[in-house]
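Shown next as structure tokens: one chain only, the form predicted alone.
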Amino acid sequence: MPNESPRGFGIDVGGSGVKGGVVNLETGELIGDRIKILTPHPATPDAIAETAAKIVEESGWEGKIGVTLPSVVKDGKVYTAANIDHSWIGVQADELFSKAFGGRQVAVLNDADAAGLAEDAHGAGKDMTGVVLLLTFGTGIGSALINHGLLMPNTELGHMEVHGKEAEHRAASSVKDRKGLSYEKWAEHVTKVLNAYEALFWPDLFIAGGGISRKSEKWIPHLDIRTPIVPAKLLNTAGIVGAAMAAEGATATPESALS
């Protein structure tokens, strides 16, 4: 069709579900329905690849594919595994998925990095320039650091020590739930973590993601930080959108910028 917007396809692998869909790369919106299949248990490489292949088949998509994993991923290889089976560590994931998808070209990246790219381009950071730091508050804290659209991959800032404790052990939303903290009290812990990130990175914008971002009005006003902070906008579709962007080369990393 003439003048049709460019499209991509992304798959977001999570601990509870594997989700995929076709993405309008100009707007960041999904085209058609999101497809979701429960994450197999154990979430081994072969089981996840088979599940992802079912999503691709159901969609009828025939082009390049982006896939997120809750992992550090470098040059398509998996180095950590959170909420998926530890047998992922050491797997060349891009080759695994490409084989499962019939030989198609595949880009694999960290799930928080994908969400950050999507939010920066099409969501809460769309009109922002400079350094944007997306943080997903959930079981842990995921992070994506982006400078003028350039992703610094695999930052894993949730593991940074803040006042003698890992940031995610101090301020993940799971800590709030486990300790029964009020939003105001939990915000004090989040403030300590964000202050530490401010001191290191001097970001121009924080984007707060994760399920608790839907209730941002209950805790963001209690933060004592100098950097503007806004809730994520794309929510459940961010990983899919960022994965599709990566597959179609609509993102930049330091490596790609130098190539």
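One-based numbering along the sequence shown. What you are looking at is a predicted structure, and each value in this text was computed from that prediction instead of being measured.
Form predicted together with a small molecule: not shown, discussed below.
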* Among 175-183, 120-128, 153-161, 85-93, mark the stretch whose residues have heavy atoms within 4.5 Å of the small molecule in the predicted bound form. => 153-161
* Structure fact -> With the partner omitted here, the residue among P203, G28, P70, G209 that in the predicted bound form has a heavy atom within 4.5 Å of the small molecule is P70
* Could you tell me if A115 has a non-hydrogen atom within 4.5 Å of the small molecule in the predicted bound form? -> no
* To do: Check whether V108 has any heavy atom within 4.5 Å of a heavy atom of the small molecule in the predicted bound form, and answer yes or no.
  => no
* Can L134 be called a contact residue for the small molecule in the predicted bound form at 4.5 Å between heavy atoms? -> no
